[in-house]
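Next up: just one chain, as structure tokens, the form predicted on its own.
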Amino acid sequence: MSAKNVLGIIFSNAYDEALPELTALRTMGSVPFAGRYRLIDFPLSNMVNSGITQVGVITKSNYRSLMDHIGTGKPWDLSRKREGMTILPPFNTSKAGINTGRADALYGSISYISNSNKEYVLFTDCNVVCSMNYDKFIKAHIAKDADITIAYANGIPSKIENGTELFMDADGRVTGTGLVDCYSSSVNYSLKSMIIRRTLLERLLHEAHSAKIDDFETIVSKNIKHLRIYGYEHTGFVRVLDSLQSYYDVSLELLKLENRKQIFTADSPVYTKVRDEVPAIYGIGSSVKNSLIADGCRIDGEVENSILFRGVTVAKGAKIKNSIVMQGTYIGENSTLDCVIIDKAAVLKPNKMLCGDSNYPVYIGKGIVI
């Protein structure tokens, strides 16, 4: 089966509450990441690289920045007369604007799903950073003659609320699920990516709506004995963002070349909105070590073990270490940053010092002047 016969669904607001600092004014999907990307770029690129040509992006609130970023879907070759990308705001529910779970959100978009001519539906969240070959995922689903296939990883689970552990038999069939114990050893934890036949999904959503079940994981657990539900293991670099601390840690993990090679590959590139910026400019006497520097930056100071987004200015004498500085931020002369996350368009005046800790980074909000 070709991935072109699959409808992709992305939950852009899933787990917004896990990163309240970064999602107060934006969706989880539009959180800036790795210098020039947004979190939605990763699942969206995974879908496009696998051959999926129709994608719906389910939103709940704060999605203006998301709309600005993905636009018509052109960077992902999804700007089309037929199929392509569609933004799906809350609709057709008694609680319009307040999706309480995946089942509720999917039911609000059931007309979009029903009108698709695709045989299967694949849905996923935005807080998982990985490069996943959905084509292999889909083929594994077909090979097992499964009703539902859930992608999972083996390792120490994240601390995400309602994280799910999968229990499987020797053939990979799911025999049970449970809430993840955040302090346990390695387990098979769900990545919240599932593939299911479209007609089965519609039936389950109608049943869940009648029973007032909002969470799709609850539907899955109730049908383990009645449906053929399998797990599909994703190996390689995979990280689940569950807090500001995890956002900081995972971002700085990408400073290691071996990690970047598993995320940004020639065979499966990560696409994003193209911005025509000038190359980064490094002034005389500037110093940059082990850092990701986006285009449009002007650096006259020192940067070490840090990530700078587009258009960041680092004035002469300024020192940035172990920090994440987002787009359009200005760091004044002789100022110092260490273990700090600064959101977009902030200003740090000259001779200021902000220091956190690797286990407790300081966060400065969007547009803040210090």
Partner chain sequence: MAVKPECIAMLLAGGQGSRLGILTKNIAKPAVPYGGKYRIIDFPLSNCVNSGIYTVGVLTQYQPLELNDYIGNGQPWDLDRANGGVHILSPYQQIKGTEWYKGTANAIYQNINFIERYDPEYVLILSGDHIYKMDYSKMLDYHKEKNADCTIAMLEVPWEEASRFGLMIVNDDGSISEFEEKPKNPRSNKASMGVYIFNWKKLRKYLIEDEAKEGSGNDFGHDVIPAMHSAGERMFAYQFDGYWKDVGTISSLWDANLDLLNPKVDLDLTDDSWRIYSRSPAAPPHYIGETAKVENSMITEGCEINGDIDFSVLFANVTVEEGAEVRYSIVMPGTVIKKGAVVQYSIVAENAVIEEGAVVGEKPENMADVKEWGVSVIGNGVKIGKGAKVAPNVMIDSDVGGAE
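Every value quoted in this text rests on a predicted model; they were computed, and no experiment measured them. Positions refer to the first chain, counted from 1.
Separately, the form predicted in complex with the partner chain exists; it is not shown, and the next lines address it.
K.L.:
Just one of I224, I156, A280, V250 has a heavy atom within 4.5 Å of the partner chain in the model of the complex. Which one?
P.N.:
Going through each option in turn, the one that passes is A280.
K.L.:
I need to confirm a contact call. Of K60, H69, R36, K344, which residue comes within 4.5 Å of the partner chain in the model of the complex, counting heavy atoms only?
P.N.:
Checking each option against the partner chain in the model of the complex, the one that comes within 4.5 Å is R36.
K.L.:
Any chance A170 has a heavy atom within 4.5 Å of the partner chain in the model of the complex?
P.N.:
Judged by the heavy-atom cut-off of 4.5 Å, A170 is well away from the partner chain in the model of the complex.
K.L.:
I'd like to know whether L255 contacts the partner chain in the model of the complex, with contact meaning heavy atoms within 4.5 angstroms.
P.N.:
Residue-level check for L255: yes, a contact with the partner chain.
K.L.:
Since only the chain is shown here, I'm wondering whether I142 would be in contact with the partner chain in the model of the complex (any heavy atom pair within 4.5 Å).
P.N.:
I142: no contact with the partner chain in the model of the complex.
K.L.:
Counting only non-hydrogen atoms and a 4.5 angstroms cut-off, does V274 reach the partner chain in the model of the complex?
P.N.:
V274: yes, in contact with the partner chain in the model of the complex.
K.L.:
If we take heavy atoms and a 4.5 Å cut-off, which stretch out of 232-240, 294-302, 117-125, 187-195 is in contact with the partner chain in the model of the complex?
P.N.:
It is 294-302 that comes within 4.5 Å of the partner.
K.L.:
Just to make sure I understand: among 71-90, which residues lie within 4.5 Å of the partner chain in the model of the complex, judging by heavy atoms?
P.N.:
Counting only heavy atoms within 4.5 Å of the partner chain in the model of the complex, the single contacting residue of 71-90 is K74.
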